[in-house]
Each structure stands twice: as C-alpha cells, then as structure tokens.
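One protein chain, two forms: both are listed below as structure tokens, the first as structure 1 and the second as structure 2.
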Structure 1
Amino acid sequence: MIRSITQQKSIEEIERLTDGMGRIFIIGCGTCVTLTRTGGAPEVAAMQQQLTEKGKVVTGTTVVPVACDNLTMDMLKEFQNPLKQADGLLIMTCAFGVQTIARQISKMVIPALDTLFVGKETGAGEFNEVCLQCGTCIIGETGGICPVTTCHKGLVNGPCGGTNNGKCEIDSNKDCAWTLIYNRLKDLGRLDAMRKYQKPRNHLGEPTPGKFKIPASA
C-alpha cells in the first residue's frame, strides 16, 4: 500500500509557527499518518498535552478519516464551535491534507509534520520510497526497478565503481540497485536493455508548478 511518509516537526518549530496563537484546534488523519504513527489519535493526544504544557489552550481535537478528501469539512461540522474559538489549526497530516483543509476553512493552518516522500510498506513499520514522480520514468528498461529511488546516488546508468559484493558503498546493508537491475534483467533474458546508455536525468521532467489536463475527447 502506498502512503505519504511524514515526520513530526520539532516542538520548537511548532511553537514558532503558532506564536501569537493562544487557542489551537488539532486535526489528525486516520490513514497515512495513523499508519506511520505521526498523526493518529495517540499522537494528537500527545501534541495536545505538549501544547497545554506550553501554555496554549487546545479548543478541541479530532482525527478525520481522510484529511486529503474534499469531504473533510463535512467531518468537521460537529466541531464548529471549537473551530471558531481557535486562533489557528494545527494539522497533523501530510501536506496534501493541510492544503485540502486550508482551502475549505478561513483559519490559519499550521503543519505539524514534514512530508518526506511517497512510500510503500516493505516490512512492519518500514517504508521505502518507491517513486520520486520525476516525470522521466525509465523502469521499462530496468526490469521494473527504479534506479532513481533505489540507488543512493540516483544513477540512471550503473553500477558505480563502489558496489561491493552486491551491496551499496553508502549503505552496506542495502543491496546495490544496479546489481538488482542486472539480476532482474538477466533472469528475464533482457540484459541487452542494460547496455543502453540513458541520457542524463531531466530533473525538471514536468515544469513547476505541475499541472496535468486530460485532453478533450475527439
């Protein structure tokens, strides 16, 4: 399952961002941040305690089912009074959730988390980045293994000279991405694909800010 991977900002940064706001309403999310334990019910409760100890008044808290859903405000209707009483909202969700809520309510919103990457759960409590959403995908030529996110150096031609017994020189506990690609292509009888030189990555595959529109039907 793909998730937005987040980590909590330091309490010092949260204090700075909420400076001048004496009354705070806290919102968590029941999906990604609950799974990564950065914005579920226990984390919201812990944040409430921390803010209270810092002299803030927490007017209310809730964990909405899906913060990045446009129906979020329907979930918040029962909290109209504590929301009105708040000087700002502390949002313990990914950046998508923060922006969704910001568009739907006329209150200052403060992100309590930093969004790191889009990742897939690969073990109990372990998430690995699976896609940088770079807009220049080459996994059709690398056996379905993304070298940009699997290789520490993001090499699109490899391996580098530091691979050692199939391990990465930067992290000896990590398999070398290009060894994985080689073995995958070898098993598929497609090693010829690895001999193709890939042009240097376009680090701006899609102009910023990104925008995509489905063409109108003919």
Structure 2
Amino acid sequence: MIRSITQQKSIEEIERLTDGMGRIFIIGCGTCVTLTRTGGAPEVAAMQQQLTEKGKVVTGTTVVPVACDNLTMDMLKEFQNPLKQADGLLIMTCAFGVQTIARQISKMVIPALDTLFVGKETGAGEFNEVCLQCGTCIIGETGGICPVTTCHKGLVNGPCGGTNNGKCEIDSNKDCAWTLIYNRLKDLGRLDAMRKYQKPRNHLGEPTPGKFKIPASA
C-alpha cells in the first residue's frame, strides 16, 4: 500500500510556528502517520504533554481515521467547541491531511510534520520512495525499477561516476539505482534495454500543480 511518509518537525520550529497561539487543538491520523509513528495516538499524547509544559493550553486532541479523506470533517464535528476555542490547529498528519482540514476550517493550521515522500514500507519500520509521479513512466525499459525516483540525480541513461560498490555517492547505505537496474536486466537477459539511449526527459509530463479530470465518455 502506498503511504505518505513523514517526519516530525523540531519542537523549536513548532514553537516558532505556534508563537502567539495560547490555545491549540491537536489532530493526528490513524493511517500513514500511525504506521510511521509520527502522528498516531502516542505521538499526539506526547505532543499534548510537550505543549502543556511549554505553557500552551491544549483545548482538545483527536486522532481521525484517515485525515486526507473528506469524511474527516464529519469526524471533527463532535469537537466543535474545543476547535472553536483554539487559536490554531496543530496537525500531526501528512500535508494531504493538513490541506484537507485547512480547506474546511477557518483557522490557522500548523503542520507538525514534514511530508518527505509518497512511498511504501519495504521492511519493518523502513520506507522507500518508489515513484515521483513524473507523468512519463519509463520503467517498462528498466526492469520495473524507476531511475527517475531511485537515482538521486534522476538519470535515465545509466550511472554517474559517483557510484561506488553499488551504492550512491550521497549515502553509502543507499543503493545505486543503476546497479539495481543493471542486475535486474542482466537476470532477465534484457541488458539491451539499458543500452538504449533515452532522450532528454519531458519534465512536464504533468505540469505542476497536477490536475486531472476523468474525460467525459463519448
């Protein structure tokens, strides 16, 4: 399952962002951020305690099941009063959740997390980015491994000179995408695919911000 992968902002940044807000309502989420332990029930409770120690009044907390779902607004209805009392909402969800809530409640929203990438759990407690949603998928020629995402530089014609022992120049724990692709294509007997010159990418496969409408049927 794809997951929105997040990391908690430093308490110093959260303090700065909530400066001047004496009363805070905290919202967590029961889906991705619970899995990554950045915005589930235990983290919301810990944040409540931290903010209380810093002298803030926490008017209420909740962990909604799926913050990015439009039903989130219905879930928040039972908290009308504590929401109203708050100067700001500290939202411990990914940016999808923060924006879903911001669209519907007339309050300043403060993200407590940074959204790192959309990825999947590839091992216990380990998450990897597998797709950048570039709009011009080429993995049919790379053995199903995406070089646009997996290569730090997004190179599509093979490795750079920074690869070392199958690892990336920026982190000896990061696999070199092109070593992975080479090994996969070699196993599949399809190294010819790697020899194919890839033209410069269309970087605007879908211009930012992405927008899509299901075409009306003819």
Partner chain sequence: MPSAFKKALDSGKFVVTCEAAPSKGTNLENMKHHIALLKDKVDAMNVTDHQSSVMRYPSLGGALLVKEMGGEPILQMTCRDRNRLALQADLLFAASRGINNVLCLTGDSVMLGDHKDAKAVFDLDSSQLVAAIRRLESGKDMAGNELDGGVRFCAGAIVTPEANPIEPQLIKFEKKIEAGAEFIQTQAVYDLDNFKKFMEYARQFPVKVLAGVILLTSAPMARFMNKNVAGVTVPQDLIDEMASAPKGGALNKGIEIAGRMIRRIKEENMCDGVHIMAIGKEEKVIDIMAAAGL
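Structure 1 provides the reference sequence; residues are numbered from 1 along it. None of the values given here were measured: they were computed from a predicted structure. Superpose the two forms; the largest set of C-alphas matching within 1.5 Å is the rigid core.
Taken from the structure described as the form predicted alone is structure 1, whereas structure 2 is drawn from elsewhere. Once the rigid core is used as the reference frame, the Cα position of G30 differs between the two structures by less than 2 Å.
Core-based superposition between the two structures puts the Cα shift at L188 at 3.0 Å.
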